[in-house]
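There is one chain below, alone, in structure tokens, taken in the form predicted alone.
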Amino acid sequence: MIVGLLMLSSTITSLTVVLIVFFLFKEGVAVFEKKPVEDGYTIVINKNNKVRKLTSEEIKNIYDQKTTFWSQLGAKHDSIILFRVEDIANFYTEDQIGANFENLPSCLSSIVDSIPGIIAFFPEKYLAKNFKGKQLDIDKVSLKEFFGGEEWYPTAQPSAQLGVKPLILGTLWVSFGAILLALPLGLAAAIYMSEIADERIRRIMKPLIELLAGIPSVVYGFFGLVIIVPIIQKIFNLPVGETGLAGSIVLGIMALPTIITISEDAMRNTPREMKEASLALGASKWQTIYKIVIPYSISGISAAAILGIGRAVGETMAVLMVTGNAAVIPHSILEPMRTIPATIAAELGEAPSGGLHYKALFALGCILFVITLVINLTVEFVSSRRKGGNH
């Protein structure tokens, strides 16, 4: 009976995890089946224009007026005339359009037909049956644009920009900055607790350090926002203190309990005979720690560092509060950044269910899952080496 219940519990848990992963990737991969233009809208040009297909970046350059002539896109040397549906008032009166916009489709068709260099963006419901223009063929979101793009504007119109490169780089900058700060401090604390501190001090310090892991991340975020951010702004004379460095410091503090606890347990598992043999051969206590304890427990220390990175990679609220939340390519850790978890937390509530933005955020979740999976597999590999080395 008990064995059956345990088996049922493990089966349900495993199935739930598999279904969650399946749902995540099902929604995330769907972003590559969508076009960057919002559902229900279309982009049209004059029927005599030779351009047939445009990429998301080309559309953005047109509407940002970086591309101003059709000749830059392989057509005639006509000026590009931008048109949105609200511009209809410049061509027709309210009476001509109709009280209920019943004449709007024919008006739009006439405008597109009469202006050779026009590019118009409006809802598809206003596309006349005998439309005299030409609908552009917009490429679907590609892997190259998604992973290599340098701009994240998922709600931009007429064409969304879904470059995740700034978010991936921001995540890596903040996470590795955190581990570079946390690993030396955590290792030092673990050495002190396992090899130097007496039992009374250890009994006091260990629960206090483990208590840090139970503090809500929003509290760390408030601490970083009130204390760390102003200090960074003042020391480095920056316009704002919300930077990748602030995020790294906060995440480093949050990763300390994991690093200290696992490293300290690994060091305490060093056989007493090995340490006594080292001391008997004339080595000092520090030499024994450096030459015997740390090399023996290096696998556990490595696992602690990797799990610390995993904690930093997946953190949301604290990072959202102190990093500046700017989705731009970072060139220095003293610049504002945005991480993948912070992006998902900040934008998912505003993304229409099933839309392009919604699918793109699930794709970000897939990237985060893969990063975490790699970290977990690395931990398993390091742990297996440690077990093999103990035999």
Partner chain sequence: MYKLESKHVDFFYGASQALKDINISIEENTVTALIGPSGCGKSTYLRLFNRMNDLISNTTIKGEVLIDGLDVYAKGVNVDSLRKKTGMVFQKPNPFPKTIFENVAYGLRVNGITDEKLIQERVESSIKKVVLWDEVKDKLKKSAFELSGGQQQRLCIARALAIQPSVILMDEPTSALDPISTAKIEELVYELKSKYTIVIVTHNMQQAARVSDKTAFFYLGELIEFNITRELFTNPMVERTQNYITGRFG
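The structure displayed is predicted, hence computed values, not measured ones. Residue numbers count along the first chain shown, from 1.
There is another form of this protein, the form predicted in complex with its partner chain, and it is not shown here; the text below is about that form.
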| request: Verify the contact flag for residue 296: yes if a non-hydrogen atom of it lies within 4.5 Å of a non-hydrogen atom of its partner chain in the predicted bound form, no if not. | output: yes
Can you work out whether residue 281 and its partner chain are in contact in the predicted bound form, taking contact to mean some heavy atom pair no more than 4.5 Å apart? yes
Give a yes or no for residue 287: in the predicted bound form, does one of its heavy atoms lie within 4.5 Å of a heavy atom belonging to its partner chain? yes
Q: Report yes if any heavy atom of residue 76 sits within 4.5 Å of a heavy atom of its partner chain in the predicted bound form; otherwise report no.
A: no
Of 134-142, 175-183, 161-169, 265-273, the segment with heavy atoms within 4.5 Å of its partner chain in the predicted bound form is residues 265-273
Exactly one of 291, 203, 125, 84 comes within 4.5 Å of its partner chain in the predicted bound form through a heavy atom, and that residue is 291
Only hit among 89, 227, 215, 277 for heavy atom within 4.5 Å of its partner chain in the predicted bound form is 277
